[in-house]
Ligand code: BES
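Next comes just one chain, in structure tokens: the form predicted alone.
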Amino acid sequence: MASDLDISFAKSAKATDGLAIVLTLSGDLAFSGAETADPKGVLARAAKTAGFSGKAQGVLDLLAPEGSPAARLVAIGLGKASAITNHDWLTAGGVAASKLGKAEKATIFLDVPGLDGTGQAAADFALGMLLRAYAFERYKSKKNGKDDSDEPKPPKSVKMTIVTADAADAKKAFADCEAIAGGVILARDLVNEPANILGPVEFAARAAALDKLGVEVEILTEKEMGKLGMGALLGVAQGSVRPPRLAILKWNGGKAKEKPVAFIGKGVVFDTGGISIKPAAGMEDMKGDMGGAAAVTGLMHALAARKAKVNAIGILGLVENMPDGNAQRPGDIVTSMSGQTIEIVNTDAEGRLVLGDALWYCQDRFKPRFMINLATLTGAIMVALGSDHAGLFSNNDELAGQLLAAGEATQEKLWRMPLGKAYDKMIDSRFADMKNTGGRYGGACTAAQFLQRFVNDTPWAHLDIAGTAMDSPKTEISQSWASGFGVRLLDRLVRDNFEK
């Protein structure tokens, strides 16, 4: 965090001598809290002069406004009343957080004339503030790397008071939002960590810390995975001196005999490409090749922290892909836990090997209602979709539809991509049951087709998040290199469809 936000909700408040934030719809420019924060009507005059119209994310910032008790007065536009969604409130909160500056306290007046029922809106607004305030500065010994600076630093904590008539409802709704924020921030932290700090063993230990929230945690070592026959996963790990781990996270919030929902994450803590080594340019970003496992860890935090009424399984396949003398070679053949054999034609197509064993283990042991895996799997999905959508592949139309709807609601957007016999044929091998890549063309599709061979008849979806988990475009709620993509999406999926 750049600054910790101490957020509270109140039915009424006097504008402090610090920062006051008011909101308005486009058109009439009736500002929230105007009688308290802007008794002299300076905002209306300033808006006319500045051409401020109240459009979504528009900002009008006044210093020492005449007749206002606030030292700064910031107006934020919401756009048209008929078009405002929960995500718009989230975004508005992000805009507000970006305007805190050096303020140590701020009062936000949320009850906009013309809008009713702001309890959930206030909670979403606060969630947006928390997500925007995140910054990963753990390894900066001096601000901006400078030894001396006269520039004042942001305060360690900012006291925020959100004023709304629905303060009680807002406080109740915010408990869930705070749990989700914790999950997103955990996922971001994991992806942002350097690989020399966060190896497979260390990642597993951080996941194990979720036991404080009531998550049951089980960690399998390479010896235990060897007994299970996980030759695909272990083949990836054998080139690294750092041993692999399989972390199993269980949240039991539903009925005792109810089948769980399951989420599986690719956790390649660093990916050199192995013997099929990657180009040097940009390889430092491969510390983020565990974005899928990070998202699953963050999701399990969110579900447990908000006491979700569902049984959920999270499985993390944690390895490092290195090119030492013991690394697997192109042309090697490995045997997966499923018994299917795999010809390794490219050691940089390693994530699907990890996921193949993890998926089989999950469906074989837990018999889940569905499985969703997340992985920064292919550059091909970025060629197809850029960084605006993650790729969605599924063997089940109902599950795919639920995911697409959750993506629209959270704006963690998905685009469904094809599976089929033609793609499946591309991964047939001359020497084994399959090979681990189908070549250059249709690379995201053949990777997904590979994974489908390990799910049997279980409803399943594969989310290729290579373009969205890290180094994705900055938004009003994410200024971090790591976005935490997938946590809010999958929490919404569970909340809307699988909790009773």
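The structure presented is a predicted model; accordingly, all values stated were derived computationally and were not measured. One-based numbering along the sequence shown.
Keep in mind that the form predicted in complex with this ligand is not shown, yet the notes after this line are about it.
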query	finding
Proximity to this ligand in the model of the complex, single hit among 222, 343, 348, 111 (heavy atom within 4.5 Å)	348
Heavy atom within 4.5 Å of this ligand in the model of the complex - residue from 400, 165, 213, 382	382
Partner proximity in the model of the complex: residue 377 to this ligand, non-hydrogen atom cutoff 4.5 Å	yes
Contact label in the model of the complex: residue 286 to this ligand, heavy atom within 4.5 Å	yes
Partner contact for residue 301 in the model of the complex: this ligand, 4.5 angstroms, heavy atom	no
Exercise: residue 206 in contact with this ligand in the model of the complex, heavy atom 4.5 Å	no
Partner-proximal stretch of 156 to 164, 413 to 421, 349 to 357, 250 to 258 relative to this ligand in the model of the complex, 4.5 angstroms, heavy atom	349 to 357
Residues in 469 to 496 close to this ligand in the model of the complex, defined by a heavy atom within 4.5 Å, in order	470
